[in-house]
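The chain below stands alone and is given as structure tokens, in the form predicted on its own.
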Amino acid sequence: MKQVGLFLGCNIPFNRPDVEYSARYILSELETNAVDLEGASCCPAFGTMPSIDIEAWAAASAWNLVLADEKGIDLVTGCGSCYGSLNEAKHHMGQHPELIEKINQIYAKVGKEYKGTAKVSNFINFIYEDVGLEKIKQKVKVNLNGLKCAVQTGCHNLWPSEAYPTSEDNTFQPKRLREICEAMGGSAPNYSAITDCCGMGALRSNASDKSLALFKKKLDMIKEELDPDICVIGCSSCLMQFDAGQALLIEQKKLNYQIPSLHIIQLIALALGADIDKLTAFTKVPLDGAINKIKGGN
């Protein structure tokens, strides 16, 4: 059985354990053993540690790659920030071998060494490249029945693409997430704001009103252009904005409609027959309409 290191990061286990349940479910259904990395650390995301100390950031980030190297496995993550930071650290160290020497001096104190052999994928690229769309089609137990999906790949899943091991043919016209939705029986049209930021991250932490205003602008465009049944998200941070952030806008009476949102991991789990209550346990915006559409309703 194929093995892959499941790198959950911080957001998924702390805020969305239903995404973790879904990730473990689909890996099992795809005959892949999810290996947990004992002693894994934060990625840590840009905007935090690397803004202060590049060497400390590289040492903290590469620690997770060392754990994967020791097991001879690659990593897969559902968080765009984790995907970005881990790959950017690996890329930066490849450009600066003197940095590898410095962090290996730190690791030597605990008998570790960075070799840089482990690959880091997000779930979008893992499904698209390592699994393949044909296998997903074969594994579908619950067809999406034409469910109209507005996709949000996420900034850190796309850029800086030169630091990533795999990427879209054109990161300004991402298609992989759309094609995965279509492979399960959904429709995923393009829309003008498909690569626009959702406003999550440092902006949400430091200027919540501006963050939510930016998100609302994108959501309004999605509603106007597509009027989708659901938003399908490629990043756990984006999911928090599309789901919990949207619920907050509704509560503040700044939004007079709602579009339910799921991580692509959750949507695949649904299509592969996972327990709907478990895979949507922490969803804020009700999914009744989308589920009804999948079941053959209007």
Partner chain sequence: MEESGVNVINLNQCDEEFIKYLEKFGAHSLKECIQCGKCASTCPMALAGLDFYIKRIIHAATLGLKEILLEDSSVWGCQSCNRCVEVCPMDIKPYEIIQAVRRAAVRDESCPANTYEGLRNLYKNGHAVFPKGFEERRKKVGLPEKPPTLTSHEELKKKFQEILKQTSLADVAPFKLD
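Positions refer to the first chain, counted from 1. Everything numeric here is computed off the predicted structure, so don't read it as measured data.
Below, we refer to the form predicted in complex with the partner chain, which is not included among the displayed structures.
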Within 4.5 Å of the partner chain in the predicted complex by heavy atoms, the stretch out of 225-233, 31-39, 264-272, 242-250 is 31-39
Of Lys135, Lys141, Lys115, Lys210, the only residue with a heavy atom within 4.5 Å of the partner chain in the predicted complex is Lys210
The partner chain contact at Thr166 in the predicted complex, heavy atom, 4.5 Å = no
Taking heavy atoms only, is Pro286 within 4.5 angstroms of the partner chain in the predicted complex?
-> no
Does any heavy atom of Ser51 come within 4.5 Å of a heavy atom of the partner chain in the predicted complex?
-> yes
The partner chain contact in the predicted complex: Ile106, any heavy atom under 4.5 Å = yes
Kindly indicate whether Ile26, Gly185 and Ile291 are, all three, within 4.5 angstroms of the partner chain in the predicted complex, using heavy atoms.
-> no
Taking heavy atoms and a 4.5 Å limit, what residues of 151-166 are near the partner chain in the predicted complex?
-> Cys155, His156, Trp159, Pro160, Ser161, Glu162
